[in-house]
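For reference, the chain that follows is the form predicted alone, supplied as structure tokens.
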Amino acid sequence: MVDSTTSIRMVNKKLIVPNQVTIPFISGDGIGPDVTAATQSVVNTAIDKAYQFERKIIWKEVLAGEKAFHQTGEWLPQETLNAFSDYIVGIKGPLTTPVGGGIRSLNVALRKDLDLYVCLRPVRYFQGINAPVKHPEIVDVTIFRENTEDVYSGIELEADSQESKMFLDWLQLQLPDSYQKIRFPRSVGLGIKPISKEGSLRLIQAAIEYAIRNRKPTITLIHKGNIMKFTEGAFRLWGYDLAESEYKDFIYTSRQFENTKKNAGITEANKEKEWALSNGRIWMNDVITDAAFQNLLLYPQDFSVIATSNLNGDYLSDALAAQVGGIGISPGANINYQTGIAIFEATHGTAPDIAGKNLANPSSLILSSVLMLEYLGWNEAAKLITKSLEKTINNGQLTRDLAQFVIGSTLMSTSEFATAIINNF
């Protein structure tokens, strides 16, 4: 039974958040309970301090993963999905994806079943962490990864299966030129990669509105459209069309520039970008995926907001996180900006080898809770946690995963790290 007095409502695309709000949470598998307990202690104390006990989160545990399977026989009970729908905002620790049996990834299932079409991954550096690049401090990028399409929602046909043979027979009869592109048709596994106009536009629109709201200078569409012209190439074209038709007062695109100056070089393009930025416009451009990986390493300052498809976003978000020290300090959120439903999550795995040993780094989930507080509009508590986390890390108070690379650091357990953050408020 949903308590209407402590539940969030969505009115005219705006969240109405009571001072005492129920937040469903999944503690997670492996190290999940360790990092969840640490996160809740930090969040509770920050809210008390920021609002003098006038606001409060009522934590409501819901089940998924191994704990759910042991208690209910289901990996993802319908009751859990209902709770996230009813209470709108939730948070989760890492979940195990069971091997075999055709069971979907639980994370993918949550995103698809609740239509959480944006995977939001902000990546930045914290002073005091030993990162593998020379200047990690210039990395400040927010990735908008489409969450519900691409190969994660694709159709796969196993090699030599009856379904595969039927499809190949149809392809050979109806589209013989396409069939000829398959080099080894007798032993080929097949996949269909769906990318729709509607799915692309709502993701890119979320990225644009985020950039406008947060005064970000650039939006980059990352794609492999030079090869996959009608999926990722279409993603690029739809993005430009949206920006140029509905956001022309806010955005100037590289396509507009290229259309007016067909033979312009890089120098002229950079001048045009500087003109757009100096006149209060956001500069939108596009980069092919393989070049984007290179450029994010060489010129991370050229990126601020990225909009990309599902598989590209999966690769890019983890690779970019590695540049600032790893996914252990990277937050994540899965959001539907139309319904308001959002689940904030740890971006790392379950690390079963250290489960229950009070050794895990809770920073990813703590930073995801910061995103959650910002989403609720509780910015004072969010800023309090962020500043304290910055101070704690810069003081060299680190969990094992980070301390091993920082000479002179103070090794802390999961709970000790949470206490250090609280003490540094």
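Computed from a predicted model, the values in this text were never measured in an experiment. Heads up: residue numbers just count along the shown sequence, starting at 1.
Not pictured, yet referred to below: the form predicted in complex with a small molecule.
- Taking L114, L171, A333, A351 one by one, only a single residue has any non-hydrogen atom within 4.5 Å of the small molecule in the predicted complex, and it is A351.
- For the options A211, L95, A292, I195, the residue carrying a heavy atom within 4.5 angstroms of the small molecule in the predicted complex is L95.
- Only one segment in the set 218-226, 175-183, 340-348, 252-260 has any non-hydrogen atom within 4.5 angstroms of the small molecule in the predicted complex, and it is 340-348.
- At the 4.5 Å threshold, heavy atoms of N361 reach the small molecule in the predicted complex.
- In the predicted complex, the small molecule sits beyond 4.5 Å of every heavy atom of T231.
- Looking at I31, you'd find a heavy atom of it within 4.5 angstroms of the small molecule in the predicted complex.
- For the chain shown alone, S304 is not a contact residue for the small molecule in the predicted complex, no non-hydrogen atom being within 4.5 angstroms.
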